[in-house]
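Next up: just one chain, as structure tokens, the form predicted alone.
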Amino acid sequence: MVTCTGCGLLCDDIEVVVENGKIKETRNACRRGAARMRGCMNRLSPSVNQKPSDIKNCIRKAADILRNARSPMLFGWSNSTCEAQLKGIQLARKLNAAIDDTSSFCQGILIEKVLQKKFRTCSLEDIRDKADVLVYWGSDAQDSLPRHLSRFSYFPRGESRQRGYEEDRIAIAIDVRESNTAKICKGHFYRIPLKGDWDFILALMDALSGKVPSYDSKKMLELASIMKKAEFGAIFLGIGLTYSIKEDFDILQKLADMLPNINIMPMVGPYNMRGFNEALFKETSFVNRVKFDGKASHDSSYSIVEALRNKSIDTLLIVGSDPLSSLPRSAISHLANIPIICIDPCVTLTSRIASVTIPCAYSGVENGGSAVRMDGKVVELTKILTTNFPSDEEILTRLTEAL
């Protein structure tokens, strides 16, 4: 059995068939995990200024660029092992650089509140064994985390829920559209308008307090009754909710305080986003958007989006991420004006414009290590295939030594 790095569930029941040094078949993996384990369609090659090179020279050139940078940023990390993430934080500290990851424009703020113990939370095993009420809020787990419902939440026979979804569990979807997850929820779908989560929370809080809510009172009272009766519940918070209430997360905390039997869990996409957040939180008390300058400071201006918009960085080291394909157009124009160092197993849009590209092994397939599951459990990764490519941890170690 091996662990899949296709998403933040880190399913550890995957069987693989290896033939002629390649993965021929995967068993138990979802479509997302199977695609991840098949690896790159187009493998990255070492290059300097778009010309072929070797990894040793690429590391030397990357060190020269970083040494001469006045305000570098290190970005990515959510698809790297815990060991590589620690090396990245150490490198940022040595360079007095900013460091950020993909959670700064999605689930980071929720993970930070969990780490600060402002939300009650639990393990995925607790949910599988005990949960009777499951709320998918702004999250289409059926598409984004395909084994979530089948392995950990709605469908399994749990220790205290032997009758499973037929009798022992209620699944609820709150979303702006009827997602594939909502279609499974047997009539417990609550459609809200775009960015309507704040009003929905207020109405739900009224219903929980015994007041008549102004927002769809009949359905809100029904939902409040279900959640109040929960013996062990969980709210799975997706990006849809995060974007909707990003200016006022205190209201979500107030709602959670009114539901003592309900646990909160951010739905994490990349396989080790939480690992980076936990590592940086341990070092600095912040989960992202940090700059080292003798001491660690935290500010929104140290996010990848704001730093590119404000043109406040002059060098970007990217590890296992593709900002050119994921960031808003208003932010990415500055990428064309600064040196980019790209460490990745695969060719990406960003690697095509990078000053230096350094190919690395495919984490969880060609090198082992550890990662942190979406609920905080540390999971060991198994090396499945042999490769000549160094791991991103090794590259970062050699890069640090070269500075």
Partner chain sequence: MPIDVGKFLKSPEYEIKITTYRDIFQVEALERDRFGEEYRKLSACIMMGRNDLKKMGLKAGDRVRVSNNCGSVVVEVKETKREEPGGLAFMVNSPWSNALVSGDTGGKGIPEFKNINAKVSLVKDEVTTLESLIGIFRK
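Numbering follows the first chain given and starts at 1. Fair warning: this is a prediction, and the values are worked out from it, not measured in the lab.
Beyond what is shown, the protein has a form predicted together with the partner chain; the following relates to that form.
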Heavy atom within 4.5 Å of the partner chain in the predicted bound form - the one residue of 201, 324, 149, 208 that qualifies: 324
In the predicted bound form, the residue from 230, 95, 82, 331 that sits within 4.5 Å of the partner chain by heavy atoms: 331
The partner chain in the predicted bound form: contacting segment from 213-221, 274-282, 169-177, 259-267, heavy atom within 4.5 Å: 169-177
Close approach of residue 143 to the partner chain in the predicted bound form, 4.5 Å, heavy atom: yes
Interface membership of residue 161, the partner chain in the predicted bound form, 4.5 Å heavy atom rule: no
Contact label in the predicted bound form: residue 298 to the partner chain, heavy atom within 4.5 Å: no
Residue contact check: residue 306 to the partner chain in the predicted bound form, 4.5 Å heavy atom: yes
Three-residue site 239, 247 and 348 fully in contact with the partner chain in the predicted bound form at 4.5 Å by heavy atom: yes
Partner contacts for 14-53, taking the partner chain in the predicted bound form and a 4.5 Å heavy atom cut-off: 31, 32, 35, 36, 39, 40, 41, 42
